[in-house]
Ligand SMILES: Cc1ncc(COP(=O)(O)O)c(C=O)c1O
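Only one chain comes next, encoded as structure tokens, the form predicted alone.
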Amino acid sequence: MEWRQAVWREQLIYEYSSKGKTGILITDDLKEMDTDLPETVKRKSKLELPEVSEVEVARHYTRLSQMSYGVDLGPVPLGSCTMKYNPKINEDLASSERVTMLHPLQPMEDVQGILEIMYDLQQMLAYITGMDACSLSIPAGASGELAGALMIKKYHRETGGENRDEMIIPDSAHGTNPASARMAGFKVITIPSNNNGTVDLDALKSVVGDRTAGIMLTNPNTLGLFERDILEIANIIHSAGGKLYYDGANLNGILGIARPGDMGFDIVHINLHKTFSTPHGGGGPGGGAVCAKGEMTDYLPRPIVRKDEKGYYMDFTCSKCIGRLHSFYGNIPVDVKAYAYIKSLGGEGLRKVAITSTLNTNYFIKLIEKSGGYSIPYDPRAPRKHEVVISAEPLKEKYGITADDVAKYLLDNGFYAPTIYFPLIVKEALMIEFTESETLENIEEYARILEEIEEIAKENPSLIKESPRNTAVRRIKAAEANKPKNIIPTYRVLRRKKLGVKGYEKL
């Protein structure tokens, strides 16, 4: 089971360059190929590219791929991010020419197939979440949050609630909720969790008033705990004239078991790239959907796919909606993968996703709950859903080992580190999510390494603090690395200057 990542000397492709090397042979007639480009746009100087052979190019980029860890190599248990393995057949479907060769400016009568997929996906997502309608035009997570906040803002403006400028957000909410609410123009009102790690009802009642626009939360919350008082929370907000927004970051934990719409939520944002088969991370590709219930459906971003006697079409009409938050129609390949995922699993399969991911998390908890190096804050006896937040504070107090040190040692043992230091309400937080696609063997090994950290810390904590040793880049000084001037390491700039690469000064 135990393995070590290969250590390679980090090099730029320019460092392999040597004058005269080439990876391809170009005939003279191609070199002198005539073009219709005007002289004003033709390059006057030589293109500054490295001169390398094909084998060097292949080896260089293969080596870089070996230095990169991903979910195809092992667990990526990032709490709140749902990084799970996804069926490769869905990638094949989304990369088919029938999808990639479509153009958003084609006449709608020529793209009835993809419009039908989008229409059906809207209906399925609405049913899964207990909503009435959905829009697929949202590009990803935070933009979905912004869409929900803007919908609530527009609703209050349309109904005479211009004074409602406060958005309530629990301290256990998804991390970007406060920023999204602020971007929509709201004043953020944070309420604390109670001793059980859920919304404090007394605190909620104390801040609700005629300035309340709504509340943004996810259920289960970032601690992995289900908000058992959600119906009362909904009643409190609705009685005050506010709306409930559901952040879909944790939807993976309740698929087929509970629906936000049945809990009283008015708006739901879904991360298709977390829950429904698109790989998450690495900058994309993301894809989202925003769904709404009742009167809030009028405020959904456009376009929305609809159907009449002539077929499927994009509806851009908008009397109350918030308009568009993304160009064209959203990320279509992501929609295709989500559609295939839902169709292949069916209702029982989606329910099994939630059950299995929840079982995996609670099995992991059982493996580490007897350890003296970690604690489970907020009612350790309460079952978690698809994720759990454990604290390395006991390790820090006894041996000086922090959550950051734990993460670095996990890297040394071939595992990806969990989310650390979030949520902020847990000291030395390690936020861990083992999804439904993870094996019991990997979960057991992960727990074993966490226990190993505690045993090593008792004898020689410096061994933990010096990790990682087996990665391509050793431990960096976090404070220095986060300074703007050091985001791109200075040695890279100097190396490119030495090699004569133009444009190095812009780095």
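Quick note: we count residues from 1 along the sequence shown, nothing fancier. The structure presented is a predicted model; accordingly, all values stated were derived computationally and were not measured.
The same protein also has a form predicted together with the named molecule, omitted here; what follows describes it.
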query	finding
Full three-residue contact with the named molecule in the predicted bound form, heavy atom 4.5 Å, for A140, T176 and K274	yes
Residue (of S193, S80, N413, N252) lying close to the named molecule in the predicted bound form, criterion heavy atoms within 4.5 Å	S80
Any non-hydrogen atom of H269 within 4.5 angstroms of the named molecule in the predicted bound form	yes
Residue contact check: D335 to the named molecule in the predicted bound form, 4.5 Å heavy atom	no
Listed range touching the named molecule, judged in the predicted bound form by heavy atoms within 4.5 Å, from 244-252, 202-210, 161-169, 124-132	244-252
Sequence-ordered list of residues in 449-472 near the named molecule in the predicted bound form, where near means a heavy atom within 4.5 Å	none
